[in-house]
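In C-alpha cells, the next block holds one chain alone, the form predicted on its own.
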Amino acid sequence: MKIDFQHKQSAHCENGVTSNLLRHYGYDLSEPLVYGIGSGLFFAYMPFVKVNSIPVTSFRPFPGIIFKRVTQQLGISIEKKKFKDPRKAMTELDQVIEKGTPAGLLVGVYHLTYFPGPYRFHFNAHNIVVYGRENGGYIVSDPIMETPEYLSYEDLMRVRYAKGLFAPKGHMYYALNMPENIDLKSAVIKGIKRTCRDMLGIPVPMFGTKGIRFMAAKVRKYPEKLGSEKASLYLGQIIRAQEEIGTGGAGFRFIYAAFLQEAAELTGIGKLMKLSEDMTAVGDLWRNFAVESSRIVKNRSAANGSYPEVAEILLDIADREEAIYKKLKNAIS
C-alpha cells in the first residue's frame, strides 16, 4: 500500500511536513509561508529546564504548534493522537494509511536508521510523514532528506517511543477535512500578529526579545559564575540549539525574511519588503554570534574577555528584533 504523495525537501522538519501535507490536498504553500502563518519564530532561554544539567535555549515553539496553528488559520480540521500502547499506535497508523491518508509523526532522531551517524542525537521533536507500507516496513517522507526513506516496523516504533525530554509518546496527526477555499491574506496577518505578540508581549523575562537580553546577561557572567570549562559547555549548547537542533536562530530568521517577502505580495503591504531585509540582517548577526561563540568554545580566543563581546552581539540582536516587531505591528494595523 503506497499513497500517491509528493516528497519535497525543506530546511525545517515541521515546516516541511506541514507544507507537504497541504500540497497533498491541493494547497501549494511554500515553507516560508507555512512558517510565518504558523508563527514559528520564537525565543526562550529557560534556566529552570535543563538537558544534561545545561539550561534549555529554544528558537521555536513546542513541537506540533506550527502544524496546529496553520491548520487552524486555514480552517482545516485535523486529528491528533497519542498512545500509551506502542502496538496500538502502530495499528492505528496502519489503519490511517489504508484509508489513503498520509500521517505526520513526531519522532526521536537518535535511532533513525537512515540518518548519518554524526547527525544522530537525543532530540525528540522531529517530524516526518509516513505514507505507505512496503516489505513489512514503512515509506517515510522526512523533509530534511533529499529522497523518501524506509523504516522497519521495529525501528519506526522505536523512534515513536523515544525516551527523554519531550518524549513523543506515539504522537500522530493528519488532516480530516479540507475547506473549498482558504483566506491566505487573513492567515498571514494573523500569523504576523501572533509572532509580534510572542516576541514582544510575554511578560516573563525569559521569552521573546526580553529573553534574548536575559540570556545576554547570563552569557556575560558565565566565566565568573561557572568557571571556564562549564562556561564553555553552556555556550556550546546555545550554539547547538541555534545551528544544529531544528534550524535555529539564524536559519529561522532567513526563513521568516522570505515569508515577509511573500506576505508583502499577498497583502499589498509594501513595508513588509523592507522589514524582510532587516530580518535578513538580524539573521546575519545570529550567525556572527555563533561564529564568535564557537571560537570561545574551541579556545581560539581570549575566552574570558570574549564572553562580554558575544553578549553585546546578543543585545544588538534584541534591540534590532524589537524594532522589527514593533514596525511589523504598525504595518499590519
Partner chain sequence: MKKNEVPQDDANMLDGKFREPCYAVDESGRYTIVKSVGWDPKNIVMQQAWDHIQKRVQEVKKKVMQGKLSPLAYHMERHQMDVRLLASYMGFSRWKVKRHLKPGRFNKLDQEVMERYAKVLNVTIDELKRTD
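Keep in mind the model is a prediction, meaning the values are calculated, not measured. Positions refer to the first chain, counted from 1.
What follows is about the form predicted together with the partner chain, which we do not show.
Exercise. Is Asp198 one of the residues lying within 4.5 Å of the partner chain in the predicted complex, judged by heavy atom distances?
Worked result: Taking the distances in the predicted complex, the answer for Asp198 is no, it never comes within 4.5 Å of the partner chain.
Exercise. Would Tyr114 show up as a contact with the partner chain in the predicted complex if we use heavy atoms at 4.5 Å?
Worked result: Flag for Tyr114 set to yes.
Problem set entry | the partner chain contact at Gly164 in the predicted complex, heavy atom, 4.5 Å | Gly164: yes, in contact with the partner chain in the predicted complex.
Exercise. Looking in the predicted complex, any heavy atom of Gln261 within 4.5 Å of the partner chain?
Worked result: Yes - in the predicted complex, heavy atoms of Gln261 and the partner chain come within 4.5 Å of each other.
Exercise. Using a 4.5 Å heavy atom cut-off, are Glu146, Ser232 and Ile255 all in contact with the partner chain in the predicted complex?
Worked result: Yes: Glu146, Ser232 and Ile255 each sit within 4.5 Å of the partner chain in the predicted complex.
Problem set entry | Region of this chain that lies against the partner chain in the predicted complex, out of 90-98, 190-198, 233-241, 219-227 [heavy atom, 4.5 Å] | This holds for exactly one stretch, 233-241.
Problem set entry | Those residues of 275-292 which, in the predicted complex, come within 4.5 Å of the partner chain by heavy atom | In sequence order, Ser276, Thr280, Asp284, Arg287, Ala290, Val291 come within 4.5 Å of the partner.
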